[in-house]
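As structure tokens, one chain now follows by itself in the form predicted alone.
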Amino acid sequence: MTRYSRQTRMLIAVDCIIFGFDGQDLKLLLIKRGFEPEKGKWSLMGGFVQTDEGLEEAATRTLTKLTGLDGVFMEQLSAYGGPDRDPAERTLSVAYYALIDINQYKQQLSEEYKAEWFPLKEAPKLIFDHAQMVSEALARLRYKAAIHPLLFELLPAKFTIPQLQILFEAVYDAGFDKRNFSRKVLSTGLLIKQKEKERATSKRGAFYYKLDKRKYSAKFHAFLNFVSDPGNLK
């Protein structure tokens, strides 16, 4: 086999920023690193790319190994290749972020990695450049959620408009006007109103909605303007 001569070899890894929503808080799934360097410290879930797989295959394998899940939303974020980012060996990492409904899948997490969900605002110090990855993943999520309906990936099959608003406020760390928010969401035509109401949080109750999966797939990359000027919210 022909090889490039006089070239430095390096390892390629993938790291997964896994966001979840429990109905109140946007959370981050972290693991306790099981080997040196930085053994026992909090880390994103990651692994090395094998010789027989592509980047997305490696990220999917990594995500499935931790959560037991297939088919969840995942998107490539960026590559991180600082020469000193990993003190053990020169390693290039390609980061992906994923979105998970915590309540639906919390029983499936692998116990092997001592995984734990943290509210994003209370996340512990992370190894290497993982904090930078999380920060940039959140910025990407906020940008895309302002115009595309990807935050529905964090919700259960049926939900109320107030629950959806809580999710948006958790992601953007900002408040939204109830009437305007409801009008914008319903104007997308993505939701199917149900007959039953959620009455746990108020006597009057709020109607449940379900996502119209056909329209959701068709409009996933459409510009729907959920949030105007997301960089200047308060």
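All residue numbers refer to positions in the sequence shown, first residue = 1. Quick caveat, the model's predicted, so the values are computed rather than measured.
Below: the form predicted together with a further copy of the same chain, not depicted.
- Query: Would F207 show up as a contact with a further copy of the same chain in the predicted bound form if we use heavy atoms at 4.5 Å?
  - Reply: No, no contact at 4.5 Å.
- Message: When the contact criterion is heavy atoms within 4.5 Å, does D101 count as touching a further copy of the same chain in the predicted bound form?
- Response: Close contact is absent here: in the predicted bound form, D101 is far from a further copy of the same chain, nothing within 4.5 Å, heavy atoms only.
- N180, heavy atom within 4.5 angstroms of a further copy of the same chain in the predicted bound form: Flag for N180 set to no.
- Message: Quick check on G189: any heavy atom within 4.5 Å of a further copy of the same chain in the predicted bound form?
- Response: No.
- Task: Note which of F152, W117, Y113, Y80 lies within 4.5 Å of a further copy of the same chain in the predicted bound form, where distance is taken over heavy atoms; exactly one does.
- Result: After the contact test, the surviving option is Y80.
- Query: Can you pick the one in T64, Q50, T201, Q194 that has a heavy atom within 4.5 Å of a further copy of the same chain in the predicted bound form?
  - Reply: Flagged contact: Q50.
- Query: a further copy of the same chain isn't shown here, but in the predicted bound form, which of 41 to 49, 64 to 72, 161 to 169, 23 to 31 has heavy atoms within 4.5 Å of it?
  - Reply: After filtering at 4.5 Å, what remains is 41 to 49.
- Message: Only counting heavy atoms and a 4.5 Å limit, does any residue of 21 to 37 reach a further copy of the same chain in the predicted bound form, and if so which ones?
- Response: Heavy-atom contacts within 4.5 Å come from R33, F35, E36, P37.
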